[in-house]
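So this first bit is one chain, no partners, the form predicted on its own, shown in structure tokens.
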Amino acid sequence: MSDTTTIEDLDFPKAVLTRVIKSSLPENISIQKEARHGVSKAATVFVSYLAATANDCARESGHKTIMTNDVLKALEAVGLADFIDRLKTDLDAFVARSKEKKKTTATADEEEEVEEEEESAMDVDESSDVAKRPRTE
């Protein structure tokens, strides 16, 4: 965080926060605007604290970039080791989805290239036919 930015300046997007809150509560429960604001500030403080702790873990490991393992160590350091297994499961699922998405995108890109090559070949064939036709004027 820069020297000019404070926790009060940071907020999660309201729509995202509202979806997270609603997905965590039973259907017949609502949340007041002030309570949602309180959850937002608490989430901001938590993420800032976890990121700072993960940064400390990264530095202790001798690197400048925070990696997944640093976040897991930070969760343990702040007393939230119970969340580590669930987070690992979610991360594995995320990685699998990302790989599948890249694979699907790569396949689609390859198919598009083949179609473009076929179209180019057709254009060449058509232009050669035009050159062979006698001129009628």
Partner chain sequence: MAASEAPTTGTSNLPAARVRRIIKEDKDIFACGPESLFLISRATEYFIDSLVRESYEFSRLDKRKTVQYKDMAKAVQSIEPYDFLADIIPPTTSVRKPAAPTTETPVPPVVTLD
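Residue numbers count along the first chain shown, from 1. What you see is a predicted model; the values in this text were computed from it and never measured.
As for the form predicted together with its partner chain, it is not shown, yet the points below apply to it.
- The shortest heavy atom separation between E110 and its partner chain in the model of the complex exceeds 4.5 Å.
- Its partner chain is not shown here, and in the model of the complex it never comes within 4.5 Å of any heavy atom of A106.
- Its partner chain is not drawn, but in the model of the complex it has a heavy atom within 4.5 Å of D90.
- Among heavy atoms of S48, some come within 4.5 Å of its partner chain in the model of the complex.
- Within 4.5 angstroms of its partner chain in the model of the complex, the stretch 36-58 places a non-hydrogen atom from each of G38, V39, K41, A42, A43, T44, V45, F46, V47, S48, Y49, L50, A51, A52, N55, taken in sequence order.
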